[in-house]
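Next up: just one chain, as structure tokens, the form predicted alone.
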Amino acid sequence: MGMTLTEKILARHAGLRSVEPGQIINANVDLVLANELSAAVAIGVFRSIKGAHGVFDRERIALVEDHFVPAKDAQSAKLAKLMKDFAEEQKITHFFDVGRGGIEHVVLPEEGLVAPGELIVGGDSHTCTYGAFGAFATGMGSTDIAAAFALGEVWLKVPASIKLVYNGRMGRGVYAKDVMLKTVGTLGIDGATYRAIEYTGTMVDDLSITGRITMANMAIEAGAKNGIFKADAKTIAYVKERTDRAFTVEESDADAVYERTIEIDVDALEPQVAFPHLPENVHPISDATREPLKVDQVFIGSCTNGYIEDLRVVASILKGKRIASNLRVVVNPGSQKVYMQAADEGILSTLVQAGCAVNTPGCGACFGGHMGTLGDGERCVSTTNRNYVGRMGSPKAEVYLASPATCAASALAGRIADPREALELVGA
């Protein structure tokens, strides 16, 4: 019996010829990730492990300050200092402080720390992002991260795989974010619980690296253990531009067994919007615009859509225009490199001239941290990945999830708007 892509990676890292769903394994890791929130607990647990004086490999740990940076108060500054001191003590090579990194899931691929066939664990649920590069990547609790710091290995239950087949091509105004929102709406927030989502189909072949990142990132929104794409020539070229280390490209066997296969027709797909208060509460834009939905804030950024490709789309729609007077637009580029590229291309000037507030790279308002949290009764349309009650601040606020294009169009209209109209006006 053949194995899926996920099973092949896990088998190799466990030193086994084969694995099957439900099997418990110990697996060696290629990279362990933590941010200042997950690291705080993990460091404490690490120090309590008997005999653990040093990390297993200072080259294969990445620590990124991104959730509360620049520090918003004394407590967040304390968390940041705790991680910085640990990085210095353990001589961690890959430590990214504020001003030198950005959002962890944007920074690590940029820096060549992610490659096909690798096994990556992180103290953040969106660690599944790295499945965009043909890696097995999953989020874990801080106790497991502490053990991985010390041992360089983790225990896992091998997940069953769900195969998603995307047929057709995306039309005007439809992006990877729309496809993934449709996917979460189809599966439900628990429809892939502790499963591997394997993305396939003709649309996948056409997807940019950024599009794949967006979709892999939101696998957890359907409850998945991981989301994964086969590494193709596009992936390999991206990775080889950023690292010269060896890696192993895996792919599913022809006779691999999937728990189920789901086909999604992309040709007829409209832009999508996830209504409060669940990512599965997805509606086509034609329904979302039937009645005017006034917006108080537009947020553009996050580990899902904080990339240069996303900012280019937003800038193309906003160029030469002003955002509606009844709202604010907050933009968080995903990393310092994205920020610098946006500056070089004139995107930052376009955004500021349109009336946007551009923040330093970081998670910010995505999880209700700072730099754009919502007050009672406010409505926000956002490129982020979650819209649970209280996610971006007040539990009495509403968060709608959409693509950067939909968010930009909404910023001009002052309400949730169809991006296809705005794109047509600029000839995109």
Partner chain sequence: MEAELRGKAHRYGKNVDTDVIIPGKYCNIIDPVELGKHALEGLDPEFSKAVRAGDVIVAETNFGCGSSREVAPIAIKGAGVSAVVAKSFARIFYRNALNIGLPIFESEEAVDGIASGDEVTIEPATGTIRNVTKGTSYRAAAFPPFMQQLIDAGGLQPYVERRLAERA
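Model, not experiment: these values are computed from the prediction. Numbering follows the first chain given and starts at 1.
This next part talks about the form predicted in complex with its partner chain, which is not shown.
- Taken together, L5, L108 and Y238 are entirely out of contact with its partner chain in the model of the complex: none brings a heavy atom within 4.5 Å.
- Look at 293 to 301, 182 to 190, 95 to 103, 255 to 263: in the model of the complex, residues with non-hydrogen atoms within 4.5 angstroms of its partner chain sit in 182 to 190.
- Contact annotation for F247: none of its heavy atoms lies within 4.5 Å of its partner chain in the model of the complex.
- At a distance threshold of 4.5 angstroms between non-hydrogen atoms, T360 is out of contact with its partner chain in the model of the complex.
- E309 falls outside the set of residues with a heavy atom inside 4.5 Å of its partner chain in the model of the complex.
- For I220, a non-hydrogen atom is located within 4.5 Å of its partner chain in the model of the complex, even though that partner is not displayed.
- Screening K81, K72, R242, R172 for any heavy atom within 4.5 Å of its partner chain in the model of the complex leaves a single hit, K72.
- In sequence order, G141, S142, T143, D144, A147, A150, L151, E153, W155, L156 are the residues of 141 to 167 having a heavy atom within 4.5 Å of its partner chain in the model of the complex; the partner itself is omitted from this view.
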